[in-house]
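Shown below, as structure tokens, is a lone chain in the form predicted alone; questions about how it binds or moves come after it.
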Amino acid sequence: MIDTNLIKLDPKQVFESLKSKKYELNLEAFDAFELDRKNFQTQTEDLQAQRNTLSKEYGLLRKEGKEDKTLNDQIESIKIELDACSQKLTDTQGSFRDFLLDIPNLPSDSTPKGGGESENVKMRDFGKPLISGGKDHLDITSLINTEAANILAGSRFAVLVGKIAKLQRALIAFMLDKAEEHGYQEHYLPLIANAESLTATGQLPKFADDLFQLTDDYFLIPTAEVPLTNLYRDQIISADNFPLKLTAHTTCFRSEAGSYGKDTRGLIRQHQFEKVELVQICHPDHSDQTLESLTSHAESILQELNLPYQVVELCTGDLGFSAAKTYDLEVWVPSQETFREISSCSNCTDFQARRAKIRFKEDGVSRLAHTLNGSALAAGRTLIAVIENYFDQHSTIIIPEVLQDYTKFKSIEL
């Protein structure tokens, strides 16, 4: 949730900033909500004061053994009016909150302006693609069985078998070990989150259609970012503990409601997939540097796997809802002859912290922390990259050297 004071101080600047993110802020609606809220709040406070004054007066009369029916009727009348006004205030505050929850985070001043993906900015790259136009991962190995998954659950699922299943498990263990090397504390988390948790990190109410909903209040998690960030919901953190560095491997679930017809083949876009997530919670003055270090932690995995990749900074028009600044890591996928996103590393500034009430105290004043998150990495897409980049174009997938202690085998003969 953005700071409403920013809208009040410079509505035009906020409007233009959000417009660059393809969101048109209804300033008239904002002003109307603010006016109604102030009016109902003032009326409520005035009525409360009148009731308290008259109640005190009535109480003194009762002590003296006197009754004043007119005064009592006046108190009852004010109470009815107060209840009605309080309800209007509650309803207005609820509607105003729903209005604010729909507004995305403001892009950082350093985020490049642009209308969409084509205007993202390439920052750097690592390695050179050695294979182009090679076989697709499903054509390389039958140990990824989407037909069996289709029988079990439907499209956009996969069954991994034998050494391919173990290779994915090795990748996940390697990713967690790298996170630990960089100072992240590992967590084992629930795969179900309540609506309050998903609202705090920005998935609800905006992206309800992208979630798998179990009951009115429970959803399967779309990413470990949700439970990891919410571990500190409604808490005041000691600034001495910054930055908090958290990691977890979880299964993630996404309905992919907005991706009909996209990447239907293979492991690129699944309803269920494995991911290792990095989350940092830090002092606002340090979040820019924290984003750089978090991104480097995700990059180190690709570097040790010796997979060609590039780092792209997203322009304003391609930024996610909660993000102020984002770097995408894109790995080379030979069969598609292109780089595909394998991680998004984002600085959410105080946007999630305001929703989740994640605070710290500085000089006796309560302030909002900054939250950051990034994949390190999406296991399925990493598996694709390893299979396709390490396939010898004949009958063998070579296992990257850093994974061989995990897999206990050096190759997969097909």
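From a predicted model like this one, the values you see are computed outputs, not experimental measurements. For every residue, the number given is its place in the sequence shown, counted from 1. We call the rigid core the largest set of C-alpha positions that still match within 1.5 Å between the two forms.
If you look for the form predicted in complex with the RNA, you will not find it shown, but the lines that follow are about it.
In plain terms, the part of the chain that comes close to the RNA in the predicted bound form, with a heavy atom within 4.5 Å, is 62 to 70 out of 341 to 349, 374 to 382, 24 to 32, 62 to 70. Although the RNA is omitted here, in the predicted bound form none of Cys282, Gln289 and Ser293 has a heavy atom within 4.5 Å of it. Interface residue remark: Ile236 is counted as part of the site for the RNA in the predicted bound form, having a heavy atom within 4.5 Å. Though the partner is left out of this view, Arg97 does not reach within 4.5 Å of the RNA in the predicted bound form, counting heavy atoms only. Contact check for Lys79: a non-hydrogen atom falls within 4.5 Å of the RNA in the predicted bound form.
Contact check for Glu362: every heavy atom lies farther than 4.5 Å from the RNA in the predicted bound form. Taking a 4.5 Å heavy atom cutoff to the RNA in the predicted bound form, the contacting residues in 11 to 48 are Arg37, Lys38, Gln41, Thr42, Glu45, Gln48.
Once both forms are fitted on their core, the CA shift for Phe30 between this form and the one not shown remains under 2 Å. With a cut-off of 2 Å and the rigid core superposed, Asp363 has a Cα displacement that falls short of the cut-off between this form and the one not shown. After superposition on the rigid core, the Cα of Arg354 moves by less than 2 Å between this form and the one not shown.
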